[in-house]
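Single chain ahead, by itself, as structure tokens, in the form predicted on its own.
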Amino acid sequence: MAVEQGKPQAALRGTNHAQLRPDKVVDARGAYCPGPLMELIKAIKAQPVGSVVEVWSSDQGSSKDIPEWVKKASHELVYVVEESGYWRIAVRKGH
């Protein structure tokens, strides 16, 4: 699936990514996979259930690897948005 710059690749439950304010933002730009995923996992563990964590990654692999992990870990992928040179990936903690 092509990711249109500035447009959500995935939006669940009709979430408008422009209006959503994440509870925590992890800036992992410059790190390579699995670095951004590990930073996301660390942040998710520290947040209460229902919180939204947004990770910023300049590694294109994160736009695939993080959604796969989210599915396996039974969290919720809120959106994947490609910005200029990086991706914003938001995850809602499910348990």
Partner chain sequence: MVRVFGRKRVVILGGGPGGTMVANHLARRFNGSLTGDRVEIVQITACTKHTYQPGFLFVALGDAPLEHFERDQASLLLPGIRLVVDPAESIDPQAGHVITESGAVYAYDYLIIATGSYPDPSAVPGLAQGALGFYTAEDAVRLREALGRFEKGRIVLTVDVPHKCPVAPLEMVLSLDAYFRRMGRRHDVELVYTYPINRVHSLPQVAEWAQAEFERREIRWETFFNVDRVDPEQRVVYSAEGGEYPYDLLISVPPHRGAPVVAASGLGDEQGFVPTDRYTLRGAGLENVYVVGDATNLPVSKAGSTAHYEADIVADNVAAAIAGEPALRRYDGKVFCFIEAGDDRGTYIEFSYTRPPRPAPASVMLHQFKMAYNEMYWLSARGVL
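Residue numbers count along the first chain shown, from 1. Under this definition, the rigid core comprises the largest set of C-alpha atoms superposing within 1.5 Å between the forms. No experiment lies behind these values; they were computed from the predicted model shown.
Here the subject shifts to the form predicted together with the partner chain, a form of this protein not shown in this document.
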Quick one: is A73 in contact with the partner chain in the predicted bound form, heavy atoms, 4.5 Å cut-off? yes
Contact of E54 with the partner chain in the predicted bound form (heavy atom, 4.5 Å): no
V49 versus the partner chain, in the predicted bound form: is there a non-hydrogen atom within 4.5 Å? no
Residue by residue through 28-45, tell me which have a non-hydrogen atom within 4.5 angstroms of the partner chain in the predicted bound form. A28, R29, G30, A31, Y32, C33, P34, L37, M38, E39, I41, K42, K45
Against the rigid core, is the Cα displacement of I41 between this form and the one not shown at least 2 Å? no
